[in-house]
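Next comes just one chain, in structure tokens: the form predicted on its own.
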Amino acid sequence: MQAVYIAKRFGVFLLIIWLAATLNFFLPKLSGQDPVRTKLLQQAALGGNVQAGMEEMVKEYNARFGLDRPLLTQYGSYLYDVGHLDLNYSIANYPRTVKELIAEALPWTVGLLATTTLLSFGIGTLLGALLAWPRAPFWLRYMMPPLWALHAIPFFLLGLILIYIFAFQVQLLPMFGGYSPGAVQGFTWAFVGDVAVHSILPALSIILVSIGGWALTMRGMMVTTMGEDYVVFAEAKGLRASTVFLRYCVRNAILPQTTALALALGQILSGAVLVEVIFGFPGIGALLFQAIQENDQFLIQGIVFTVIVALGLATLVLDIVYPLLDPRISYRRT
């Protein structure tokens, strides 16, 4: 039965991918814009005149990108290419491919957002659990209201505040880029340290905003769990307070948090786009913003499709792993 359910879930995952690819292909067509012509006109405007032979250039590039073929033929080619992880060339960065650009930006976004998501989840979940526990330190009551207030502030707005304080006023941290200009990229201690310093402000803006949300949801789950019969029974048996807190309360209250964490990890490719733009961080968010500015249709399609696949894959893994986290959940028919 477990294998049958996994096969069904995988079939649903493939259906989602097909629907996402279909919408990703047809929606940009509804705008009626010619991305090649738009890009060539932008380049011509930089020179102060309209280049001669514009129509011939448009036809040549449309033929090279496959945009001169019938719509259904383009759709079939698109599905075939997506199935082979071929996302075509970038119109604005030709002859570079979309896959190359995403592969360069992906480690930056995953490194930043995966780290900040896990840190904010761990800190916020622990603080929320302690806040609901009657024997928790008294000072937590004074610590949590500011974090809950920060949770109401958007990532990018807090990022601007941090830039003003730590980059302009104190001048302690860099305010732009993923590394210093002219730095030699490589797995060296100097470059890793440079990247870490440049990541402090964007990471801090995400963590400070996210902790309050994780803590608030965990506190609600803990309050509900602490009223369950098995917790009352564990306390009546005389078990140690730490055992009741960790094994009976936190272990059961954290299950909904785990679901939210899996979905948050699936969305890291699209999360905090404005944070990357504000800080000039060379991740997927900044790449998507640049692609929208340049009307790079293939690059936008590639990024959006990658984000949808990541979210669908996270949901699939969560469905498969959840019975291992909670033995009460079973996919067998009763």
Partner chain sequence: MRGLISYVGRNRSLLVGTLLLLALALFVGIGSIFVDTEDARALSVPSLRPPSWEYPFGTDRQGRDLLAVMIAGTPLTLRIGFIAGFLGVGIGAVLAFTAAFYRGMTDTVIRSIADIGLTVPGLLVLIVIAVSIKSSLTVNEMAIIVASLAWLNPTRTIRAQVLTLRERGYVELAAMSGMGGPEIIFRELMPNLLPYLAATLVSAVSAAILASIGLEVLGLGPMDSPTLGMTLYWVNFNAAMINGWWWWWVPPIVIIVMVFLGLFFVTVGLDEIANPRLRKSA
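Quick caveat: nothing in here was measured; it's all calculated off a predicted structure. Positions refer to the first chain, counted from 1. Just so we're on the same page, rigid core means the largest C-alpha set that superposes within 1.5 Å between forms.
Beyond the structure shown, there is the form predicted together with its partner chain, which is absent from this document and is the topic of what follows.
Listed residues Tyr80, Phe168, Trp189, Phe138 were compared with its partner chain in the model of the complex; Phe168 is the one with a heavy atom within 4.5 Å. Contact with its partner chain in the model of the complex, defined as any heavy atom within 4.5 Å, is confined among 128 to 136, 232 to 240, 168 to 176, 196 to 204 to 168 to 176. Contact between Val317 and its partner chain in the model of the complex is not found at the 4.5 Å heavy atom cutoff.
Proximity of Ile102 to its partner chain in the model of the complex falls outside the 4.5 Å heavy atom cutoff. In the model of the complex, its partner chain lies farther than 4.5 Å from every heavy atom of Pro282. In the model of the complex, Trp148 approaches its partner chain with a heavy atom inside 4.5 Å.
Residues of 128 to 158 placing a heavy atom within 4.5 Å of its partner chain in the model of the complex, in sequence order: Trp148, Ala149, Ala152, Ile153, Pro154, Phe156, Leu157. Once the rigid core is used as the reference frame, the Cα position of Ala21 differs between this form and the one not shown by less than 2 Å.
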